[in-house]
Ligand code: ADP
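Shown next as structure tokens: one chain only, the form predicted alone.
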Amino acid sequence: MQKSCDHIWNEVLDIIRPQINEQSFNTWFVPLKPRTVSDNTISVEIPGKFFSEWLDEHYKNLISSALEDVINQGASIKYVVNSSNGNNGKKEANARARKEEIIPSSAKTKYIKDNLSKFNLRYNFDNFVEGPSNQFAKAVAMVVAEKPGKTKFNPLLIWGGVGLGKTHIAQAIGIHGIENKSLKTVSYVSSKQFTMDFISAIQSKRTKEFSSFYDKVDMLIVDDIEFFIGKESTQEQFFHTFNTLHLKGKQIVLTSDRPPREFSGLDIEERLTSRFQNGLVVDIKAPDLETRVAILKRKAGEEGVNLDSEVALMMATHISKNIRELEGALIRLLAYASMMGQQIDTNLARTVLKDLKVYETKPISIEDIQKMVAGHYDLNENLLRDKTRKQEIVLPRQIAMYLVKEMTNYSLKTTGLHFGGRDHTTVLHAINTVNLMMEQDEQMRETISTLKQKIGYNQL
């Protein structure tokens, strides 16, 4: 039976391999191991639960088609998490529990379930990591979700760069509205899909049905409205849909990669732009370092992994502008650790970041270290090179010398020259002093670790 199972799975892989790139195949299919075949269902072992979620999201149809070709119509796959992978069992239970919390119970009406099927259920307010860059946007979004169409925030337009969470927060409004307010119809659509559906309606001479559908929704969420640029007929249709819903007091939520004032001159009708600004316009900025660390730790926790703070800090330092890229790097790190059976640490994270071409080591200079240490202790960096023997200067100077030894290839003599012409014995004494303090004082160990991370910020 095992041989038959292996044979079947190899045939499935032979069908899949030519249809995706080699890196994706090696990352997501090579680690899978066939276990059993029973009743047209093949059981496949996976390194972690996130594998099944990724495969379902990106390759479900491809896998199903290959299975049907090899086995027969209606063949299916069952993923089994490798029990030796630590707390995967707990992770799977937690993931299942989260889904049960999100998905409405059978007692709720069918239209709620139908509405939720169009949303990514992970994009809810509970999973949205709040920080200074998005705090106001989230607060406004929650007000709108609680009282759709009954606030002055209508329309609500959320704008910001790619991958900063606009879609997440827009969908969270819809999900909350469905689950807690039982709105009959919440329509979430990208502006591209709205345009394509409208073109299809024109071709099939069903524009009245198209208009009627959108005119009846209780909440309309349109993602990436910048796609309307240059599409006059679509803008005209959307203008009438917007007006109809607004007059009825229905909530409208929009997202864009730019504020409405920048639509001027981009073939967006002025009357439509003025409608966009008629309610509230809020922006989401790139998250700060602390928020990026929190996002990584939250996402890792959802996969049952307790991500070390040092690893999260390294990743968040080198991926600073795009949350989507940050999450992609985390998925790759988790996949790599599972496949290679390695512990997740800074060395592994560095390897993954280099593979993604977001980590390029540059030499650290003595001046870099002096500047960072002086800043940490709120000193003028010239004091580290001065002849003063004041204790408040001596210790930071010794720490800076220690870090030069740890983080660079400079000789003791060269190091001394950069610290006011001191000789190599003074530098060696400083290094030994800091080493001894680290052995005896946990606070000193934490200080050195913090400074290493800070200095590492300049390595991109």
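Predicted model only: the values in this text are computed from it and were never measured. Numbering starts at 1 and follows the sequence shown.
The discussion below concerns the form predicted together with the named molecule, not included here.
J.: Out of the stretches listed (208 to 216, 336 to 344, 375 to 383, 164 to 172), which one is close to the named molecule in the model of the complex, meaning heavy atoms within 4.5 Å?
T.: Of the stretches listed, the one contacting the partner is 164 to 172.
J.: With the named molecule left out of view, which of L280, I364, L307, V129 would have a heavy atom within 4.5 Å of it in the model of the complex?
T.: Selected option: V129.
J.: Tell me, which of R258, R324, K354, H240 has a heavy atom within 4.5 angstroms of the named molecule in the model of the complex?
T.: Selected option: R324.
J.: Within 4.5 Å of the named molecule in the model of the complex - does that hold for a heavy atom of every one of Q398, A400 and K454?
T.: Checking in the model of the complex: none of Q398, A400 and K454 is within 4.5 Å of the named molecule.
J.: Examine I295 and determine whether its closest non-hydrogen atom to the named molecule in the model of the complex is within 4.5 angstroms.
T.: Close contact exists here: in the model of the complex, I295 approaches the named molecule to within 4.5 Å, heavy atoms only.
J.: Given that the named molecule is not shown alongside this chain, does F119 nevertheless sit within 4.5 Å of it in the model of the complex, heavy atom to heavy atom?
T.: The answer is no: F119 has no heavy atom within 4.5 Å of the named molecule.
J.: At the 4.5 Å heavy atom threshold, is Q370 in contact with the named molecule in the model of the complex?
T.: Result no; Q370 lies far from the named molecule in the model of the complex.
J.: Look up in the model of the complex whether Y123 has a non-hydrogen atom within 4.5 angstroms of the named molecule, and give yes or no.
T.: Although the named molecule is absent here, Y123 would touch it in the model of the complex, with heavy atoms inside 4.5 Å.
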